[in-house]
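Starting off, we have a lone chain in the form predicted alone, written out as structure tokens.
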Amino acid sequence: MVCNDVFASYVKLLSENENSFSLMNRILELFWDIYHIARVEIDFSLSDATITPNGKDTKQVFSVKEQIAKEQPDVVRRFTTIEQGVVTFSLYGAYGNAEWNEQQHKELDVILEVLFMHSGRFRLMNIVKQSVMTDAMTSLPNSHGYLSFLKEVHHNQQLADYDSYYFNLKRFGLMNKKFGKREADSIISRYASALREFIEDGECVARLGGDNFAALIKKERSKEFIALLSGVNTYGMLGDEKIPVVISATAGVCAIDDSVTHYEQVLSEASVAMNVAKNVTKEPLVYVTKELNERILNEKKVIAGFSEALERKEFKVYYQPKVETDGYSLVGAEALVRWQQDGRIVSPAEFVPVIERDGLICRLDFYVLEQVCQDIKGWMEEGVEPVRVSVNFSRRHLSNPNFAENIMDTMKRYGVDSRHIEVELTETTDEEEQGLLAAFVHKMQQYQVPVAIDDFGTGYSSLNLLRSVPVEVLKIDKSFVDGRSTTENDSVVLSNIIRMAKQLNMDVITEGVERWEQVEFLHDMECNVVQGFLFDKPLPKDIFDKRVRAKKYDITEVVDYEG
């Protein structure tokens, strides 16, 4: 080769640098005296492939003597890339210089091939790096890419300019059921495109997996981003039919300030806030606050102390009587749990939702059933006829195929008859849960143990539940009688619920009864079994024991509950 020394310098220059094209002007200067290349154009046409999901078409121009470059290229060379695309090099000679001879054309071919190989290596390294940092389905950054972005912003001391979001798509499981997994993935990709279109330079939105996303948005644009999270219009395909779809999200927001000491903190805190929004407050948006952090700390203490408290029997069963208002006799009770901790009684509102979310509620439910069975056995041994006691169970148990058998095993261990226990669950709007609930109720019917639906009337599918789940008892939610005065609408709705229930051979009981006028109203509706503070608050076992033995209430001592 005519230019061996220059070519050696060229190879050395490439070997010492990764980015080929950042060297182009130096390369042109290196070869100017030999070839007089005045201008180079490099065209990329990359196909829509897995490693370049949206394709890529770009042109880069380099020159050292642009003013004397010919209008048409003297050499055009095309190479197929690893991305299944084409890179085209166009070399423009300078006016006034001799045409390149055959040997020079061969030399230029070698120079371009080396350059192409070097640039391919550089692009391959970028592709590998990008694939590690990018979600393949949506082309958004993945968790690694997002944390890398957070780290860079934190390094530049700019985190306080942003709000951090962690968000989950609402009811996206229904999309999978309706459209199928493949089309649901396409819907997520379309949603991700809307997110990509929204963000500006210096912002980031990432898919962390499934239907979970994170974003770092400039504070001045947070209001617009929250509006976007409230609903993105897209579509799903059912066969050839295009179905409009609105995707909304539940989000946790960390409004970053100078107190943030580590970039990962903004992601974890926003994630916690999102979980609170989704599972506790049922709100679309929850901000990280000092109060929220304290609440989360208290919840962690509850979870950490639960097992030891259960072993020490700190959880006590209280009984709230159920009263038949024709003769004011005790006809049953609901078993409720209280936590006696460090000399105080902890309200269920402080710990039940926490252990419900954590799954520990299942252990507590059977602990309560066991205590109730022990008490019933004690009354029977003393010759006192027990009343039927309803025991609450979380719907989490429905996923346990042996749920019914576990209940029966506990009852048998204490010799408790099925007429003395009632299983109480809250109604559900979830179709899958309704199927599991119906199967469970059928099993319990075989064992002759009645099942009650608590808080009836608060869900969106109450009537469907009446039709599909043959429970024995409906507990009417207290909201139907809560007001200081009942309206005609209250009467119509309640009377129809009671009538339907009785036609389906269900017993009816109303919760939250605190005043005599409510008793009279319910009596007119032919609902004569009530539960509430008018007759008794939840009672510890020793006081309830007196009610079980007496079986009757002296109504001269019963007065309206004032709260």
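Computed from a predicted model, the values in this text were never measured in an experiment. Each residue number is its position in the shown sequence, starting from 1.
The same protein also has a form predicted together with a small molecule, omitted here; what follows describes it.
Can you say which of 408 to 416, 87 to 95, 255 to 263, 365 to 373 gets within 4.5 Å of the small molecule in the model of the complex, counting heavy atoms only? Single hit among the candidates: 365 to 373.
Identify which of Phe393, Phe306, Phe225, Trp339 has a heavy atom within 4.5 Å of the small molecule in the model of the complex; exactly one of them does. When the small molecule is considered in the model of the complex, the option within 4.5 Å is Phe393.
Among Glu107, Glu334, Asp135, Asp211, which has at least one heavy atom within 4.5 Å of the small molecule in the model of the complex? In short, Glu334.
How about Val513 - does it come within 4.5 Å of the small molecule in the model of the complex, if we only consider non-hydrogen atoms? Yes - in the model of the complex, heavy atoms of Val513 and the small molecule come within 4.5 Å of each other.
Answer with yes or no whether Phe533 is in contact with the small molecule in the model of the complex, where contact means some heavy atom within 4.5 Å. Yes, Phe533 is a contact residue.
Heavy atom to heavy atom, is Lys478 within 4.5 Å of the small molecule in the model of the complex? Within the cut-off, so yes.
Using the partner position in the model of the complex, report whether Ile361 sits within 4.5 Å of the small molecule, counting heavy atoms only. Yes - in the model of the complex, heavy atoms of Ile361 and the small molecule come within 4.5 Å of each other.
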